[in-house]
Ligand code: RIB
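So this first bit is one chain, no partners, the form predicted alone, shown in C-alpha cells.
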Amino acid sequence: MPQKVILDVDTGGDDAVAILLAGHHPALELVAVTVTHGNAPLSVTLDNTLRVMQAGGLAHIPVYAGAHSPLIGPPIPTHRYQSETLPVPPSTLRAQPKHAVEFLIAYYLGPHGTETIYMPVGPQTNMALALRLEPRLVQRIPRIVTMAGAYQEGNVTPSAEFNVLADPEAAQVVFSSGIPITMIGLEVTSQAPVSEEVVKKTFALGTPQAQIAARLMQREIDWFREHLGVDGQIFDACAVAAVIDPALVETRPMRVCIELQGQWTRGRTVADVSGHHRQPANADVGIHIDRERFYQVLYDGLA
C-alpha cells in the first residue's frame, strides 16, 4: 500500500519539484496539499501551487489555502526571485473553501489520520495553529517529515535556515509537540545538488511532470550559480524522497530546540549533536543522504 502523505508548501521551484515527486511516485499517495506563506505572500504561493498541480497532472488532489503570515510579526523579507510566479501556465483550479488548518484538524481526527505522514516543507505555521486549536493531534499524527533547519550553518543567516526563520515560534510549537519528527536539514540537502546532467536525464523521461520539473530545476541551477557559485538545490524533494525510501537518509536522534530570542541566532535549530548534554531526543535528524539513490528516486517518480 502506498504511504499516505500531506504536503504543506510555500511553493517556489523546489516545492514544485517536491509536489510532482510526491504526486506521481507509486510509493506515495498524496492526499492533499496545504499552502502557507513563506517564499512569497500566500497569494503567490497558492497560485504557484495550483499552476503546478494542474500542469503536472495532479488536478484531482485538493489544495487548501492556509496561514498568510507568521504567528508573531510580519513575514521576513525574501529575495525577489523567491516571490516570482513560476514559469508554469496559469491554472483554472481553485483552492478548497475550507481553511488549511480546519482541514488538517478534521483529517487527522478522521479515520486515516494515524496512517498519514505530514510533510511541511515551508514554514510550519499551519500545523502550529492546528496544534494550538486541537491538542489531540499529537496522538493522531504518526510522524512529521520536514525540510527544515540546520545543525551547522543556516542559509539566510549564519544561524538560521529559511523555513524555520520564516516562523520560529511555529517551529518551536511543532518541535516541542511530542509528535515523532524527521528533520531533513541543510546538511542533507546540500549533499544532493542538481546539475545539468540531472536536468537532462529528467527532461528525457518525457512525462509532463518530468519536463516541468526539469525546467524548474534548471531555473534553480541558474540562480544558485549566479548568486552562490554552486549547483542548484531542490531542498524539499529530499524530504519527499526520504519518505519514499526510508533508507535513503541516515539520521541520528537529537534534541532540537528553536532559538527565539537571539539577536544573531533567532531561528537557529539548536541541536544536541554530540549527545553529551544528555537531553531526551525529540527528532531524528538527517546527517547523510545517498546522492545517487536520491536521483534514482527522483527519476522513478517523475517517470
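Just count from 1 along the sequence shown to find any residue number. As the structure is a prediction and not an experimental result, all values here were calculated from the model.
Note that the form predicted in complex with alpha-D-ribofuranose (RIB) isn't included here; everything after this is about it.
Contact with alpha-D-ribofuranose (RIB), judged by heavy atoms within 4.5 Å in the predicted complex, is confined among 278 to 286, 20 to 28, 6 to 14, 291 to 299 to 6 to 14.
Screening Ala213, Ala171, Leu104, Val121 for any heavy atom within 4.5 Å of alpha-D-ribofuranose (RIB) in the predicted complex leaves a single hit, Val121. This chain is displayed alone, yet in the predicted complex one of Val145, Val198, Leu186, Leu131 has a heavy atom within 4.5 Å of alpha-D-ribofuranose (RIB); that residue is Leu186. Using a 4.5 Å cutoff between non-hydrogen atoms, Phe162 counts as a contact of alpha-D-ribofuranose (RIB) in the predicted complex. Using a 4.5 angstroms threshold between heavy atoms, Tyr64 stays clear of alpha-D-ribofuranose (RIB) in the predicted complex. A residue is said to contact a partner when one of its heavy atoms sits within 4.5 Å of a partner heavy atom; Thr45 fails this definition for alpha-D-ribofuranose (RIB) in the predicted complex, lying far away. Among heavy atoms of Asn155, some come within 4.5 Å of alpha-D-ribofuranose (RIB) in the predicted complex. In the predicted complex, the residues of 226 to 250 lying within 4.5 Å of alpha-D-ribofuranose (RIB) by at least one heavy atom are, in order, Phe235, Asp236.
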